[in-house]
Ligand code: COI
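Okay, here we've got a single chain as structure tokens, the form predicted on its own, with questions on binding and movement later.
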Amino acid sequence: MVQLTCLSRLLLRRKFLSRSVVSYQNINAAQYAIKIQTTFKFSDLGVQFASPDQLQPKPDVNALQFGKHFTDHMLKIYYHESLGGWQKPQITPMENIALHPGAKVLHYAVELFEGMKAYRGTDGKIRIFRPDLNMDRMNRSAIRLGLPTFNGTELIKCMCRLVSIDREWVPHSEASSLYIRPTLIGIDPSLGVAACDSAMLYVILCPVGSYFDTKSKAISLLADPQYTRAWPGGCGDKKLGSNYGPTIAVQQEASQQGLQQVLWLYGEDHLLTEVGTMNIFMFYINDRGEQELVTPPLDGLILPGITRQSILEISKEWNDFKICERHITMKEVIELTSENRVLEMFGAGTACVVSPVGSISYLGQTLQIPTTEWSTEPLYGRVLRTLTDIQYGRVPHPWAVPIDDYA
């Protein structure tokens, strides 16, 4: 067997990368540098509390469905270039949004969003997890769509105030949390395909439980190379609604086959990119007989996940196994599984945190992944415990900041 190190695998793909991914990565770094020209300020925040008749009953924490229940208040911030840019932020009762039929968001998908969570800790404090990374990613998405950027710290403060007002919606449970959805849309009443002169940033909240409705621990995946989620030079590394809408039909196809998620592939080599809306990790025995954790690189095809980054940073601190960011092909996965060298595969993201993979359906064959079976102490479980210990305040850590600290 040819012995291939992480570096040599990357060198073998130099030709492919040089004509697509690497060149895009260089352009991306220069083209999407964040420049904040104007911003709203937390000090200008106005609050209108919901009246008693506007308050909604809180759902049973044991029956929570992801994204089905919303809290009593929302944050709204308008941007109008003709009025000097960002207007004063306002917290209002939850309400419908009125848009002109010609609003750009309705015609050209000029829309982006973020996914964050607030956790009620064992000490009663409510914490948010690494919000600065969400703000950086949100601004980069805004630049890609020609939407206005803003000061991330000011939005974090506004969101913490919103969560504080609706704090009783944060579940008293370490199996649940409060999902935070900041959204930025173009609202120009114009059919011209151009940068927006008017925009609306709003934040809504919803208590959530488990993301996947499954009786088994491990999820099953459909890997069909005829479908592509993102491509070099596109916007797969930005959190835009237009990345997600086209995936729904493929997800339905997976469900019809009795599978739970889609493993997105790219290119002639069938590169693994993402799993559903998550980043993908593989834990395996490399050619030197070492345990190694590998995940696809940030090459423009995948979203730079906050959970992904946290897992890599935690793993480097542990220093218990090799870590590599490189491309993974389905051919490699097949070879490794046939040699019983794949130990685990799991997805990682804000909504699910960590989800183990049990099987992959690919071109008429089913690959069984022993993620939940090979060890009584699998890596995905260790990662999950470590992250949730931080998020719920069981372990003090600078990544999880009490919302009151932003007041």
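Bear in mind that the values here come from a model prediction, so they are computed numbers and not experimental data. Note that residue numbering follows the sequence shown and begins at 1.
This next part talks about the form predicted together with the ligand, which is not shown.
- Every residue in the set Y179, Y244 and G349 has a non-hydrogen atom no more than 4.5 Å from the ligand in the predicted complex.
- For the options Q260, T71, T277, T273, the residue carrying a heavy atom within 4.5 angstroms of the ligand in the predicted complex is T277.
- F113 is the sole member of F113, F283, Y108, Y78 with a non-hydrogen atom within 4.5 Å of the ligand in the predicted complex.
- At a distance threshold of 4.5 angstroms between non-hydrogen atoms, R161 is out of contact with the ligand in the predicted complex.
- Interface membership of W374, defined by any non-hydrogen atom within 4.5 Å of the ligand in the predicted complex, is ruled out.
- Put simply, K239 is close to the ligand in the predicted complex: some heavy atom of it is within 4.5 Å.
- For the chain shown alone, F49 is not a contact residue for the ligand in the predicted complex, no non-hydrogen atom being within 4.5 angstroms.
- With the partner omitted here, the stretch from 164-172, 316-324, 183-191, 113-121 that lies within 4.5 Å of the ligand by heavy atoms in the predicted complex is 113-121.
- Scanning 51-75 for heavy atoms within 4.5 Å of the ligand in the predicted complex gives just one residue, F66.
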